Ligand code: OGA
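In the block that follows, a single chain appears as structure tokens, in the form predicted alone.
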């Protein structure tokens, strides 16, 4: 028997059953998972019992792994192996982080709508997040379908943004939260990068918005006007009809296509409850502008 696919909506988010990701998948099953992923963009695999290596092995089926950015963690002990991003409120000993800890403030940026690693020159293809411990209430993850959002744009706005390029930086999203002091080495490692505002997903041919809280200015536009357009597009892309809210269960693995979805974490009592999720991230093949055939702008120029 092959895998089971249970869509949440006709073309966004599906649950996958009859699969054990702790074992190598048969070729037909892996092909079916990939086809479901290209179709639904977000896949939920309930009740998976995965070691870190098994988690990473499944992620590698989609491409090369991306190393976590680890902003603010230079010289600090890591809780997880270096290929995994620590999406938790825990320190390296497994205790809840203090409210005044820099990493607590930094993680708050995950509550803004974003897509993983758009702040890297070669951004992420997909993320695979595995739940070890979840709070009893709150701490959900919301996902927004940027393909459907693009389809619902007025034609005049589609023409306005086609071929446009935005500048992305992880420090832009953290600045939106009031966090502005960073290690100079982190700033050097992660300079701003250009990304297309509209992408075409190769496996389906569907067009998608590509915006995020990491996006700041738009090249060729006055800075204030560009930021206002980005905010308008994010507000449009996260309208209720485009959004699915996932309430985590322990041992859920959820994977999503960073090229055509936005996501954000929701609030929970992070001074009281532990939330331990671990993410493997797969790199895309190239910068989004290069994939769209858009000349890369001079990132030193504002407008």
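Numbering follows the first chain given and starts at 1. Values in this document were obtained by computation on a predicted structure and should not be read as measured data.
Same protein, other form: the form predicted in complex with N-oxalylglycine, not shown, and the subject of what follows.
- Although the partner is absent here, residue 160 lies well away from N-oxalylglycine in the predicted complex, with no heavy atom inside 4.5 Å.
- None of the heavy atoms of residue 76 is located within 4.5 Å of N-oxalylglycine in the predicted complex.
- Residue 218 falls outside the set of residues with a heavy atom inside 4.5 Å of N-oxalylglycine in the predicted complex.
- Contact annotation for residue 116: at least one heavy atom lies within 4.5 Å of N-oxalylglycine in the predicted complex.
- Note on the interface: of 233-241, 39-47, 274-282, 52-60, the segment with non-hydrogen atoms within 4.5 angstroms of N-oxalylglycine in the predicted complex is 274-282.
- Exactly one listed residue, out of 104, 110, 200, 132, brings a non-hydrogen atom to within 4.5 Å of N-oxalylglycine in the predicted complex: 110.
- Residue in contact with N-oxalylglycine in the predicted complex (any heavy atom within 4.5 Å), chosen from 172, 87, 165, 148: 87.
- Residues of 124-158 that come within 4.5 Å of N-oxalylglycine in the predicted complex, judged by any heavy atom, are 129, 140, 141 in sequence order.
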